[in-house]
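Read on for two forms of one protein chain; each stands alone as structure tokens, with the labels structure 1 and structure 2.
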Structure 1
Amino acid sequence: MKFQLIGVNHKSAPIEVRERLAIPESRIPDALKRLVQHPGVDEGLILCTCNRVEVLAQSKNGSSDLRKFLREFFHLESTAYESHLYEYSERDAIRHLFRVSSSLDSMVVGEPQILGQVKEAYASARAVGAVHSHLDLLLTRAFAVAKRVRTETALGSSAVSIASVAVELAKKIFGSLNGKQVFLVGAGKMSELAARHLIANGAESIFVSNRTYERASQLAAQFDGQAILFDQLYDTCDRADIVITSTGAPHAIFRREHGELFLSRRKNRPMFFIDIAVPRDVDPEMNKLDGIFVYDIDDLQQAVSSNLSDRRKEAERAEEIISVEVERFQARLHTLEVVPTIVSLQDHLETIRQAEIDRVRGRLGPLSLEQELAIDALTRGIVKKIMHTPISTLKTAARDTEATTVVDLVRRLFNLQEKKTAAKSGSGDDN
């Protein structure tokens, strides 16, 4: 059994690279099916957010070439992204997943959205049968670790999000949001968060446009705003001072010609675009227009940096929790690895016990119930004593790196046949 993880994030790759590797939500099921069909992969999960694209895989025997999977799925020249990839295996992959789920690897350390995104990725993978065994165990433990970090540290207190940072940036540019007109393009969770922050900071009115008009209407109604049909976007967008856009469009929906049109209608009054979509919704060429100010998600990192110093101490406490949890999970995995051998040993010796009782039963003649019970208890006791030392040795070895060697030795000594045994994971200490 081996865990592997490969990916890019806001630290390793600029948005120009990340948007080329972004997988639309509609393609995630197909990507997962292709992942588990890739040589060596038994289970898989794909996490795709505005800040990261990561592939997590579990292999029973050896490892899998996940770089080859990326090349085959995206049909891109590896030189376009190869230098930006990070790759982890085993303990490091476990630690990385725990850190991501606990928001220690986020652009805004402590933001709560990432845990929900990991859970959504988990649900998608389970829905297509890509997660079912050891990866299931790892992910459910990651959720428990994230909960522990949130409970035992103040990492999430006064939590900020990408949306709130974007609003703070808008305030710095305009001085005040009082009376400002705001246009939300995309009616997802990020847009909803942005709307809440905007209203709290004095925004006068909110327009919402989404490809699904019903969703735009629902979001607009929450904030006494106005829903706009998506095909009327370019006819109405110039009414806004601030545009926050977060759609799943594969290409830019705002281009230079749109910016020129908006400025002419606004008589050159400035417009501020905050593009929190990956791939980007706003063509960088728009930023070259006088009066148009465009900030993408990478531009928000500078605004985020001031948040990090306040959380550094809490982040250190969270890292300590994760280190402990990684060790506990590793120990649990090692224990699971010896369970099939213990079960095989028990079955093997029980078969011998029953066979020996059957062999001598004819020579003993009729036996009373008390005699039958006495023979059963005697033989069970002998088998139990024989099993005690090898089972204790296996359980002890499971906590160390020598587990595989001991398992092989016990299997040879007792001539145990290889067979697949479903080990019960149990709830253990997963709270």
Structure 2
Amino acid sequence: MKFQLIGVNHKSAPIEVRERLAIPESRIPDALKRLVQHPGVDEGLILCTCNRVEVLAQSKNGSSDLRKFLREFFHLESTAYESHLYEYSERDAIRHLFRVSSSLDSMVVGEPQILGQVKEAYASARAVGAVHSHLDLLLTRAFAVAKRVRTETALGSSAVSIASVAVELAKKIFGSLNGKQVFLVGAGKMSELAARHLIANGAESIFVSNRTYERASQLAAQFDGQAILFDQLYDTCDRADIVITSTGAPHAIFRREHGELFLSRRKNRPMFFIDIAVPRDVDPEMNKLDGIFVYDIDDLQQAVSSNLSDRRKEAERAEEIISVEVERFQARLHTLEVVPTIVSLQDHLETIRQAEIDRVRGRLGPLSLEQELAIDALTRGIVKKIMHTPISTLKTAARDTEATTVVDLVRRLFNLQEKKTAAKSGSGDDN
């Protein structure tokens, strides 16, 4: 049995290449069907997100040429993308899948969306029967590993960039950002980005104010917001829950008395000031008012850097968890390999036992029930003793890489026929 994985991600390939390899959602079922028809492929899964395109395949015997599959499927010149492809097999493929699901391979490490995307890929592969036995096991395990990483490390809980730190802080104050109003005072790349993040997280409307009204209305149009004349700043500001300031003013434009005014107009509902400007737009005194929270660029930066080092530590812990899980999963796979052999060994010896009893039966004459039982117990005992060592050897071997050798040896010693047992299940085998 072999797991293989081939693909590109944001690290290995530029967006132009990823775009060409992207498979639209509507074509995924078709792609999956063609994948499992590809020579050597028994099960398959396709993960396609904006940062990665990956094809995972499982083959019972030997391996399959997944590069060929990509060539045939995309009808592309292989030179266009081949150099960007990475390929993993067996243990490395398992590890890669575990890392991807746990968001260790993501652009923003620890971001939560990827697990959902892997789950969707799994669901659509299951729907067309492309995933049934071994890949099913692998994917289910990958979800469990991702969950373990999430609960045992703090990888998913802290934010990275200034903008997302701002969002995180806003959530600490307001809980949900749904329906919260954002006010942009002064236009700038960074404040724009922060506003974008806030909106992506549910914040509702946007007011924009700038020294030049033109620029304000431009920006407001971008966000579907409302431009406010700079003169009316103090009259409108109390309507905003979150204020992002980044003007070039040489002195603070929001002072304590403004804060008091806003609070009384807002009936003391809390306000969050994000001050990106240098020199600062918001007087630090304002942070002393009950219900107003002021964070300047240094405060945000500090939160970011403490997050980054935390995150690196957490990522290391996550990698450890994944190593352990990869080992565990491999051991489990090997056990799966020896189980059919153990079963057929037991069947084999049981058949011999029954045959021998039947053979001597006639010569023994009539037997009492006790004698019958004694013969049965005797023969069973012998068979059990003989089987003990081979079975325990098989079970121990399952944990090592020598499993297949031992399995072969036992099969040859006892002349066991290759029998399709429980391993065959689901409908995928017939197409």
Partner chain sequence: MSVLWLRVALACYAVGLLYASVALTRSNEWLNRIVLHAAYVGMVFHFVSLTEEIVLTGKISLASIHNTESALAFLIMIVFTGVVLVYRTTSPGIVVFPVVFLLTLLASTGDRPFLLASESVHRGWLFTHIALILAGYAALVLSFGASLLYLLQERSLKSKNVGGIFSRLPALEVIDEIGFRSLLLGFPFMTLGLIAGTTLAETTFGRVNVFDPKIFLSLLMWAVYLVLLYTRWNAGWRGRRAAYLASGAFLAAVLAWAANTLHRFVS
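Counting starts at 1 with the first residue of structure 1 and goes up one by one along its sequence. Because the structure is predicted, anything quoted here is derived from the model rather than measured. Take the two forms, find the largest set of C-alpha atoms that superpose within 1.5 Å, and that set is the rigid core.
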So which is it, 1 or 2, that shows the form predicted together with its partner chain? 2
Indicate whether residue 289 shows a C-alpha shift of 2 Å or more between the two structures, with the rigid core used for the fit. yes
Following rigid core alignment, is the displacement of the residue 230 C-alpha between the two structures equal to or greater than 2 angstroms? yes
When you overlay the rigid core, is the Cα of residue 340 off by 2 Å or more between the two structures? no
Please state the CA displacement of residue 256 between the two structures in angstrom, with both forms fitted on the core. 47.1
Can you give the C-alpha shift of residue 373 between the two structures in Å, rounded to one decimal, after superposing the rigid core? 2.3
